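Next comes just one chain, in structure tokens: the form predicted alone.
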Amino acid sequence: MTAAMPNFLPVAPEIFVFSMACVILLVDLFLSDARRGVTYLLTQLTLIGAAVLTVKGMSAAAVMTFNGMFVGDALANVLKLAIYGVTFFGFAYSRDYLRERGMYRGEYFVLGLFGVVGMMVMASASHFLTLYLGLELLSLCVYAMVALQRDSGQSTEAAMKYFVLGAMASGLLLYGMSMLYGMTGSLEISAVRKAIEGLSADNVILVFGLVFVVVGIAFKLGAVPFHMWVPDVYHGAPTAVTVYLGTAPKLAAFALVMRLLVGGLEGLAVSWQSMLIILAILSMAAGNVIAIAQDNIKRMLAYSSISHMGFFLLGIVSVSQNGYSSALFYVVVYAVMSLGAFGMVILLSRAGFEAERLDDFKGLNQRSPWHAFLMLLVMISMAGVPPTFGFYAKLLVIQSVINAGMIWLAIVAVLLAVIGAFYYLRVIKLMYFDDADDKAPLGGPADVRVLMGINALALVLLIPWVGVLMEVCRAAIRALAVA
């Protein structure tokens, strides 16, 4: 009896991006440095094509294929479209930065696209094996991208740290999955969920497996106390890589949390909820407090990322559909804010000069009032000041924990958010109230300046559509619950 042919329609975007990455790798081999723009153009067209395929393949019901290992549902579609958009902007910001430093080669874009494939696979995974393969594909690409500047000892050191710690975290995650498999007899996420319903929630082996899984997830999120790689990697990597690392993979990490903890292990929510509460409080506290001491903006944004992951976890610990949709909204908004912040660092940098120190932002308003205003919007949004998307994102996750009866946790989050506002406001103070050390006018290609404007202004101008965007997030989470 012959096996039924798999349905390739849900996986068409992944096949397209993977195939195009292979084509771009070959085409780039025959291009001179002067014509390297062809590689960039093909890469951006690949992301646009993937978005078109994803939109065309959308369906009201979840579609399973490859013997239940891959699912096409609303959650996967929302995450994939967000990944394409963020990566598109990140590649655009990085183009001139790479060219000026002799790194404008096909490897950056090809590795970036293979990483996107890994993120897409994670978004659509309905099986432990698929989820792990997507995670490892993304991780291996990012390890290589961090070390892309081969003559930089700082980049090489960051890549080695990331690789060693990442391999350890992957091993812990895999060990946790193997223990869950031993208890449930399946690697399929929906089957694991059903098997756990028939087992005791305080089963020692199940909880042990869950601990290893949570540790693996916490590392990928960069949550305290598994955060030690984040500041070193953000600082050590070329800023063009940091803008990629600090945005789209956070969306894939959300997929990892939802598919594993919610899709498969929600029956153990009593156990993982308490673990995530500890991770969230430690991340918000350590991230916000240590960021105050930083004088390097990339390290400051790294600790900011740690604190934001703590806020993101608040939505998950509520163990409710409203909380999950708030967490999805939060992680998308964070990716857009982070994109704008690192994009501005790239815009201020030039050949032989990295705008990494906070002092490099001194007097930015004197040099370019427009760009100072855009950075102002990004900073107040990250601080959670109304009326910005960052404010609504924080408000929604805090509301979700209040609705779950954890008012004390909401109070802790608000107090830590107030502490965190200091270092964002310090950047604004430097831009508007200090005199510029560097009087050089800001340059940059016109298309990058336009995209930067769209990126920052979206944090304010799209506020009337917050309800619509939240409804999209709720629909995505409802689809996961139905599946």
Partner chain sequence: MIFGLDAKTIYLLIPLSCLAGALLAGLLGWKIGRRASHVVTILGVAVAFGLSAFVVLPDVLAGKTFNGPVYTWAVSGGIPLEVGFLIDPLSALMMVVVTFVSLMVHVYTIGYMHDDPGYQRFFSYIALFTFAMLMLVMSNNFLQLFFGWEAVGVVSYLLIGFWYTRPTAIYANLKAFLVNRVGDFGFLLGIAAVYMYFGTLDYGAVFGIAPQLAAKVVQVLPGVDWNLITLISILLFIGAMGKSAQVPLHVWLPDSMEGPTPISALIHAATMVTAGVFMVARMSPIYELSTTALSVVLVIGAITAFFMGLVGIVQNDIKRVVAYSTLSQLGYMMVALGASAYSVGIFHLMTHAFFKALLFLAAGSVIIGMHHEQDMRNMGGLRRRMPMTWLTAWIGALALIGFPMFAGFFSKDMIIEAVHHSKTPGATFAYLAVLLGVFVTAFYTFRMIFMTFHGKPRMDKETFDHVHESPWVVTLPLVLLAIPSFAIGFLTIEPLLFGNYFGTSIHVSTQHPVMLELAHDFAKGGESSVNRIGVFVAHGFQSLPFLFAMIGLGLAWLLYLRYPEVPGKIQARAKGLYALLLNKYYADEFNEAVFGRGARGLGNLFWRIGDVRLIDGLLVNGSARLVGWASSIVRQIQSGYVYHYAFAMILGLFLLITFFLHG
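Positions refer to the first chain, counted from 1. Remember, predicted model here, so these are calculated numbers, not experimental data.
Just so it is clear, the following notes concern the form predicted in complex with its partner chain, a form of the same protein that is not shown.
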| item | value |
| --- | --- |
| The single option of 114, 226, 108, 132 touching its partner chain in the predicted bound form, heavy atom within 4.5 Å | 226 |
| In the predicted bound form, the residue from 207, 144, 411, 281 that sits within 4.5 Å of its partner chain by heavy atoms | 207 |
| Check all three, 454, 458 and 475, heavy atom within 4.5 Å of its partner chain in the predicted bound form | no |
| Its partner chain contact at residue 232 in the predicted bound form, heavy atom, 4.5 Å | yes |
| Exercise: residue 419 in contact with its partner chain in the predicted bound form, heavy atom 4.5 Å | yes |
| Residue contact check: residue 275 to its partner chain in the predicted bound form, 4.5 Å heavy atom | yes |
| Touches its partner chain in the predicted bound form: residue 271 (any heavy atom, 4.5 Å) | yes |
| Region of this chain that lies against its partner chain in the predicted bound form, out of 243-251, 95-103, 297-305, 340-348 [heavy atom, 4.5 Å] | 297-305 |
| Residues within 4.5 Å of its partner chain in the predicted bound form, restricted to 43-69 and counted by heavy atom | none |
